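Structure 1 and structure 2, given next as structure tokens, are two forms of the same protein chain, each shown alone.
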Structure 1
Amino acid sequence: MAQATRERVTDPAQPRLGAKGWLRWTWRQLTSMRTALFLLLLLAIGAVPGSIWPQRSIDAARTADYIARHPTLGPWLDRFGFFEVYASPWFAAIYLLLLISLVGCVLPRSRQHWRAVRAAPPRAPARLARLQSHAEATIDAPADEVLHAAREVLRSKRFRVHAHDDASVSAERGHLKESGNLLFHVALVFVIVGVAVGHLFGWKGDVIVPVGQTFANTLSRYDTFSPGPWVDAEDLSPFTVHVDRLDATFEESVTGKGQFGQPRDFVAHVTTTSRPGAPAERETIRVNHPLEMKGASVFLLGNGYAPVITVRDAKGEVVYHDATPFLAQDNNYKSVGAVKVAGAQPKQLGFFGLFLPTAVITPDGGPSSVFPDAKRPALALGLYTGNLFPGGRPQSVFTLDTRELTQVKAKDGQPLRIWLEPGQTVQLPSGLGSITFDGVERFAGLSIRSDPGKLLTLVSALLALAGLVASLTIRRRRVFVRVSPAADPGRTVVSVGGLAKDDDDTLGEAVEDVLTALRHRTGTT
């Protein structure tokens, strides 16, 4: 460092920096307060687009819809990552630079702080009257007694005290302010580390479990599963969850705007085992009260209806019998779904249509639901025959892939329409058999998640908060006391001066307090 300076002094015309110099310069810029400030503002601005445009990771359907509706703007926004803001390279660049700046800033400050904490308070200035706050008095006691009292007074006020000579005392307090500030900034780094751990080692999966069925925590059982990059998805904790009952209540008494029919409470009553064969335990899962299993938490994030449907062939043999989940489309649980009868002969059967918990036929002819609870349930279905699984590709359980299916027509040549209420059976045309609507069950939409970083994030966030409060409330001060003999023997002129970091509007009072306490202690009134 000194070397570099001398070189520059001897050759002022050519301030050549060289590779090392440039690096050092870049590092200084990156870790300066100005850069931190700039990056903070950039981070705030960079986060905003994610709230304006739909985000693929949150709602892929809305994102696709938006791009379809904005054929020119959409693809451009997509190219710059506006539909994936929080995973985009430019957003990552901002927070990574901030992280580097943060570490680069905290390290030297910690070193400095470490030294400052161990150093003695500095020598008292010659003229205390020039300090920020100052007070003076003459006290009826000899100088050494006054200095002794001053040390005790300052110690009792939790100052660290040191005397550099026989006529003064220096004292200092509030190093915790800087400690708190450093704790805050370091804890922020660990918040980010915790988030990263959760991202790399965490996973989540969703599954629909009709009442009466059991979910076992294995990869194949999930409807959707998204693991972090470093997760071994074949090695999940083998717990099971059996759904015994699902209670749902909806608002029926209040009829005001936006309230009637609102959901009020959902409770899933379940029986769990920590692994197959382990003793069973009865538990409940409700919104806001997840079920904690080993290695993962189980959340009740959705629910709906699974009508129990039986399909028989022409001879009356049962070819399908299951509680079949239908997916809710609106607040009144008008739900869509499909019944895929793969075992039907000679052609497979596929029913597709609506489940309506409180069914009505609207004037324009469409079936609809007017209340979310199952008050007057009905199924409105159409029928296809042919090959249900063309190419054997995976497909949604709620829709039919109609590429190799043909729609069954009624006698009048219109597509066949089936309307079923619980207990009813309808005979299908052309000897295809019959379909029976046995009754209604509910299903629980469970989301199962594992985040091994969350505890680290939480603890770091709380430490950051503690550090912040310390940093903002503690006052860093220095107080100096200087004595000199007064004109009459046995008396002493005491001068007290105070210094503060930043704004400190009670410094004056603090200095007066020290002087008052000194007088008390030496018996001067």
Structure 2
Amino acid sequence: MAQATRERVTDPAQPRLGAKGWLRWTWRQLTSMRTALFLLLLLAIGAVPGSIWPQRSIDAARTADYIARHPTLGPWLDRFGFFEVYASPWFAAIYLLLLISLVGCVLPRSRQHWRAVRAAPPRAPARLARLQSHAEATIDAPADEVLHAAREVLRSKRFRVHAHDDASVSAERGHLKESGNLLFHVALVFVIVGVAVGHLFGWKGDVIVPVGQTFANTLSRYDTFSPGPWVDAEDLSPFTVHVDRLDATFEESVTGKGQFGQPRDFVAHVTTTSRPGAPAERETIRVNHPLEMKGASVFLLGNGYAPVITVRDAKGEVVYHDATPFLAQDNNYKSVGAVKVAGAQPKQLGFFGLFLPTAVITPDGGPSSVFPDAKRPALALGLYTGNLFPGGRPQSVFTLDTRELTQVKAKDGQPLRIWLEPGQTVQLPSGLGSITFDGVERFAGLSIRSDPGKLLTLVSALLALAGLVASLTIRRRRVFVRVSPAADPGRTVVSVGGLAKDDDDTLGEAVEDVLTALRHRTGTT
């Protein structure tokens, strides 16, 4: 019986946290700085798939092609959001947890810092010799005069000064160090908020506009369009941009500065209207100098050539006539492209090949361009017939999907090769009609972007930088001055001690400076 009693006494009761305790523990773990750093690292790792796999919002055709070429891996990656990383639920969860962690970490520290700023410096220790830095001297002045001089010296060095008794003075400075640290973290929170606002309410789109054509800011006019989750594409600002002229300047001097054929400048001369019925305004768009319209910025993202091509059927009826953009592949603007004639009968026609601004045919390289300006333009094309859009999947305007197409052959059985210079017409075999190269236009590759959070993000980033600089350069110090009567009447023993919150290699020099200033102010040599 006694043994059983002893066992009951020595067996401690295990505490139980309960639901409230577990919630408090979870909140403390989430709002710790260690968790915030881990979530920041996890966010960086989570962004890696966005640079490895094609993103549907950027290039839907490439994404669809990847899934088609990887029938096993592709659908699984799609289920987990790897083709739309920044809009996936798991990326949003990391983002929100990081935001909550930073806010929960910063708020308590801000309250503590506010109390510390308003509080008086602590009482001077009895033995200043035990502090990190210490200096002592005997001054030819009474104690009250020394303490008065100490207050003036410390205030001149931007210390906050307080006296707890008649024998000491306490001073401290460097609260801006913690203020800068908090400013950095608060600004980081607003950077995250600004990025989130830009993602939710922002949008971006790309469009190719040949010279002489007008772009209207409507969804149907974009080649690619990526809206934020909370963007209504029907509410886009109704502005228009008409491309009047595109000036491209290239280095034509072999002996001049720079490389022959190197681009010097690109300028798009445009006419804009802010809304239907508004007066037209002439503007220019340069590289890195966007055009600011209502609710969006228009960037000159690229440029190239758009040969004007006309395709007629066997009866001479025009089934295609347009300035068709070709995509430059090198510095001499050797460009690839495709002409998709979906209205041709009885079979759809697909031309593919090269546009050459200054065309030559070399024995080794075949058709090529030796200069980026349109000095001697030519088209080198092949021809396919069949279904241009198999499965209705999206595809690039610059390429042909040949899975359901048949290549047209010449009389000798070789693939048909078409060479066209401006003004020339070539009759197609098997009664397929004809193709004419009417001329050359330039095109402007415009990127239109709306980011309502960019100003908040910019200001927050600058404040974060300022806070980081302040936290790294400002030193948090406390200096104490204590006086006691010396053996000789009218003289005072002054003891100065210094304490730093972090590593401070110059603390000793600061203490000596305070003591030296005291000696000078009291007239002690």
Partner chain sequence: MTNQLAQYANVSLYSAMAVFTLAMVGYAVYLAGLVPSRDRGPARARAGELVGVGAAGGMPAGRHTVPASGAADGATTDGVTADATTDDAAATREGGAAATGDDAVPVRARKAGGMAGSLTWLGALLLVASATLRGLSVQRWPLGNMFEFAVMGSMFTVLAYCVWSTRRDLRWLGIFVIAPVLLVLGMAITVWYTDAAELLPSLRSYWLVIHVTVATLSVAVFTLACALTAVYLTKDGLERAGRPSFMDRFPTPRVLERLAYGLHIVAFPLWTFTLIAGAIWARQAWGSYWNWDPKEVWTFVIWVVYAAYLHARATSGWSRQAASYIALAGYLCILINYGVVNVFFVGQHSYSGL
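Numbers follow structure 1, counted from its first residue as 1. C-alpha atoms forming the largest set that superposes within 1.5 Å between two forms make up the rigid core. For clarity, every value in this text was computed on a predicted model and none was experimentally measured.
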| request: Have a look at both and say which one is the form predicted on its own. | output: 2
| field | CA of Arg477, rigid core aligned, shift of 2 Å or more between structures 1 and 2 | value | no
| query | After superposition on the rigid core, does the Cα atom of Ala171 shift by at least 2 Å between structures 1 and 2? | reply | no
| message | Taking the rigid core as the reference frame, tell me whether Val161 has a CA displacement of 2 angstroms or more between structures 1 and 2. | response | no
| Distance moved by the Pro394 C-alpha between structures 1 and 2 (core-aligned, Å) | 8.3
| Where the rigid core has been superposed, how far does the Cα of Tyr320 end up moving between structures 1 and 2, given in Å? | 5.0
